[in-house]
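As a starting point, one isolated chain is supplied in structure tokens, in the form predicted on its own.
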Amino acid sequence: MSLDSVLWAQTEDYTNWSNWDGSYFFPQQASDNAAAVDGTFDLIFWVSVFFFVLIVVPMVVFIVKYRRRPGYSPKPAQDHNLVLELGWSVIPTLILVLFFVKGVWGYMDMRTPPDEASEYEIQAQASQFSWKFTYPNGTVSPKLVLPINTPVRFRLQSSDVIHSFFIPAFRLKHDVVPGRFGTAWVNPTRVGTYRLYCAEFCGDGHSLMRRDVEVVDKTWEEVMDEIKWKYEEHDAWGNGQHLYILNCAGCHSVDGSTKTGPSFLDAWGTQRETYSGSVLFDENYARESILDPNAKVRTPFPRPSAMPTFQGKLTEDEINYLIEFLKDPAR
């Protein structure tokens, strides 16, 4: 699979999706909870429209009919209607109680996963500026693939700042707070490709935190087998590309564009300016930067570097795969 096809979510426009067939306000409903969320919104919206018309239309009529004109004088006192005053106090209060109760029921349904969801848990880790997902079989992937009609529980974690896990088609949004775990769940009900966003501003690369969510007509076991990355089935460059997408693509481009960090395009074998002086971009510099990002920070990027260390997170084989990719990322 080419790099472009894996990362198309970072370049394609949302409005070009064939799956967009939702309402004026929302994308299509693709989960169990979506209909309840939309129903609550519609109830509040149409009740608000009804009372807006009920209040504004008579108000305009009264403004015109009872405007100040020559020959008319104001009454000495206002009329009083107890029933009317009780009505416009009690009825809105009851409607607000209805909104509250419906909202609480919907919230509790969205926050309380069914028992079977605990069997299918995916860890979603957010970092500036990427997502990666750890499946129950231990596979770590930048792709989020879910089987249809299977409740899935997400364990949410941030490795740096506050992010937000937001999938509009599922009507699912949950903040991801550093230093603590969050939980969310979804039961996908429609096959298709949807979009995952970060909905909490997390830095200058915030808009890059987009990923596809694929809902497939397969069993959980089939998804686990399909998503598993097998190093032995790929060459070193392919394994390096996989590791780049998983760990580096959020901050480093391979097309020459500048993100939070420098681009890798045509960087290998060239002299690069750092705050410590000029260095050759070779195996030693690449390995040192992966394990100790602050050792030689590129100018004019800020220091200390925002890049996390991968000490203890990548094996020596994985570092070698990544270096092999960096030698020719545009291959």
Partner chain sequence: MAHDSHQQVSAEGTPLPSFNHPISVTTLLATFAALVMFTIVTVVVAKSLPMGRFEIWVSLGIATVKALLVMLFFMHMLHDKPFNVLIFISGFVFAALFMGLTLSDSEHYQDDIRAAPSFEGAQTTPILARGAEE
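If you superpose the two forms and keep the largest set of C-alpha atoms that fall within 1.5 Å, you have the rigid core. Numbering follows the first chain given and starts at 1. All values derive from a computational prediction rather than experimental measurement.
The discussion below concerns the form predicted in complex with its partner chain, not included here.
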Among 235 to 243, 173 to 181, 218 to 226, 143 to 151, the stretch whose residues bring a heavy atom within 4.5 Å of its partner chain in the predicted bound form is 173 to 181
- Looking at the partner-bound form in the predicted bound form, is Asp160 within 4.5 Å of its partner chain by any heavy atom? yes
With heavy atoms only and a cut-off of 4.5 Å, decide whether Ala286 touches its partner chain in the predicted bound form. no
Contact flag, Leu291 vs its partner chain in the predicted bound form, heavy atom cut 4.5 Å: no
Is it the case that Ala295, even though its partner is missing from this view, gets within 4.5 Å of its partner chain in the predicted bound form, heavy atoms only? no
Of the residues spanning 95 to 129, the ones with some heavy atom within 4.5 Å of its partner chain in the predicted bound form are Arg111
### Message
I want to check Gly250: does it shift between the shown form and the other one by 2 Å or more at the Cα, with the core superposed?
### Response
yes
Practice problem: Answer yes if the Cα of Val297 shifts by 2 angstroms or more between the shown form and the other one on a rigid-core superposition, and no otherwise. | Solution: yes
Worksheet item: Aligning on the rigid core, do we see the C-alpha of Trp46 shift 2 angstroms or more between the shown form and the other one?
Response: no
Quick read on Thr260 and Tyr197 CA atoms in the predicted bound form, 3 Å or more from the shown distance, and they're farther
Working note: in the predicted bound form the C-alpha atoms of Gly261 and His206, off by 3 Å or more, come farther
